[in-house]
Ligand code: ATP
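Presented below, as structure tokens, is a lone chain in the form predicted alone.
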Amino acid sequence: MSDVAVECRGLTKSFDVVSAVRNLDLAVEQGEILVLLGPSGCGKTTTLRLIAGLEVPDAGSIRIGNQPVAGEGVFVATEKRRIGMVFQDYALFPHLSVSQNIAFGVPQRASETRVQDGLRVVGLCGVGGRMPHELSGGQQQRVALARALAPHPAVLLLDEPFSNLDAGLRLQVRSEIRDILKANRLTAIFVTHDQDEALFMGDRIAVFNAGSLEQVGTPEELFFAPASRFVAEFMGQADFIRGEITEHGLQTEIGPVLQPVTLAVGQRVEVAIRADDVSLVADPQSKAKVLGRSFRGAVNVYRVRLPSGRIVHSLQPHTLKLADGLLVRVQAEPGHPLAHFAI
């Protein structure tokens, strides 16, 4: 039996002259949380809607488990695809109780058991008789999850499910829901534009850009080994400095970085460097200058202009305070290989 829960092959969808999804190949393993990540308009929500059966592909095919559901002359209706959906606005029926919301669409003979199981799974036992407006935003989101799970779907689809929650509650609820998904070994496809949320939620992340898939990998793979400049820039707000390949690594305007390289010696490159990779030391002989400081509580993030005019950021303890205009020596101390791209 296949371990693939969802498989898309050559998936393509356009709206008028806009190509929303281009020739997409993507597979989701059983029990995996796959995050679809990218900026607005990149194709991630369209991909989710194609998998759900809410859109018809122009080309390509989709399989859920071993069943073809779209393409090659087949199109299976949404309600027959064994999927559950959780929307960003919860989409609860305001005139139905929590239990009635969860039971909606479940065969009557199984509804009571499914409702109680759902309430237990999401940690809301005892609230089945309450109405949606009597619940907090986080509780409503968990009811929406219980309703999506009640029909025992093969795959759970979540479209920006935390975007309507305030920042503190969003952190709490996403942790709770990830724990629920993993504890129950559920397969889920999760759409977000938030990099931090993607890194937290995903077993793997699929990064989209202008309708195309840029890279699929674990959070660590995408963060430390981006396959393109777009992924490097999108995952973690990287700065880019010029460099050159040497026999032992990279030579950059802020000094050498010893690391393995695959490009030819002498190749000019752009090097992706993040704030936690950069150290600063006051040095009146340097030509790099502190432009400003952003206080983030436990840390300060400094903005520094290099002699070339390029800007880099440096993350430092909140106890280190450097004045605007201070000349500093800037060094790369990443502790890991830096991603670099030929120019």
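When you see a residue number, it is the position in the sequence shown, counting from 1. A quick note: this is a predicted structure, and the numbers were derived from the prediction, not measured.
The next section is about a form of this same protein that is not shown, the form predicted together with the ligand.
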* Contact assignment for the ligand in the predicted complex, among Pro39, Pro284, Pro317, Pro307, heavy atom within 4.5 Å -> Pro39
* Structure fact -> Testing 285 to 293, 42 to 50, 308 to 316, 22 to 30 against the ligand in the predicted complex with a 4.5 Å heavy atom criterion leaves exactly one stretch, namely 42 to 50
* Asked: So, in the predicted complex, is Val18 in contact with the ligand at a 4.5 angstroms heavy atom limit?
  -> yes
* To do: Check whether Glu197 has any heavy atom within 4.5 Å of a heavy atom of the ligand in the predicted complex, and answer yes or no.
  => no
* Is Glu160 close enough to touch the ligand in the predicted complex, meaning at least one heavy atom pair within 4.5 Å? -> yes
